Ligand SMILES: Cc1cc2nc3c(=O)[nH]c(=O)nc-3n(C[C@H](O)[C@H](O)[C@H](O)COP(=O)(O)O)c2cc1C
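Shown next as C-alpha cells: one chain only, the form predicted alone.
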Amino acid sequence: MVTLVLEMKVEIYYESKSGNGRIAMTKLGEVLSARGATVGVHHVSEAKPKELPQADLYVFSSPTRIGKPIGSMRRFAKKAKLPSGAKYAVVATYMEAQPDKKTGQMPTAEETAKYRRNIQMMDERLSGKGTKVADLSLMVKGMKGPLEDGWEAKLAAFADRLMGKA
C-alpha cells in the first residue's frame, strides 16, 4: 500500500517597523518548515498583492499603529488577490498596556480595546477573499520591543493550529 503525503505550502506577508514582526514571522516560517510545510516569508514591500503565488495558507502580519494595522499592510491586504478557496490567518503585534505617565494608572479594558483593532480591521480587508482559519496577538514590551515573554511558545501553538486547519 502506498501512502501519499501532501506538503502544505504557506506564504507569509509581514510589515515590521521595529523588527518585532520580522523576528516573529521569520520564526513562524522556521517552525512551519520544521513541521513539514514549504514556507515563503516576505516583507510587503517585496511582494505584489495582485500576484500572490498559489498556497494552501496565507498569513498576514502587521504591527499596530494607533489601534489599526500600519498603512502599508492595510493597502496590501485591500489589494491582495487570493486564489479561490484560499485560507488565511492574521497576526498582530500590540504594545503592552502602559501606565498613564501622570496618574500611574493602567488603562481600562475599554481604553485598551480601542487601540487593539488590528485583527478586526485586517479581517475587514480580507473578508470575501478567503476563509480565515486563525489569528494571533503578540505583545511587545515598550515602543520597540522586545516581544513578550513566552512569545515563541505562543507562536509554536499557533503553528500547530495552522497545520491542523490548512
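Everything numeric in this text was worked out from a predicted model, so none of it was measured. All residue numbers refer to positions in the sequence shown, first residue = 1.
Just so you know, the form predicted together with this ligand exists too; it's not on screen, but the next bit is about it.
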Revision key, fill the gap. For this ligand in the model of the complex, the stretch among 64 to 72, 51 to 59, 31 to 39, 127 to 135 with residues bearing a heavy atom within 4.5 Å is 64 to 72
**Study point:** Distance check, residue 95 to this ligand in the model of the complex, heavy atom within 4.5 Å
**Key:** yes
Check your understanding: in the model of the complex, does residue 17 have a heavy atom within 4.5 Å of this ligand?
Key -> yes
Review point. Could you tell me if residue 153 has a non-hydrogen atom within 4.5 Å of this ligand in the model of the complex?
Key: no
Review point. With a 4.5 Å heavy atom cut-off, would you call residue 140 a contact of this ligand in the model of the complex?
Key: yes
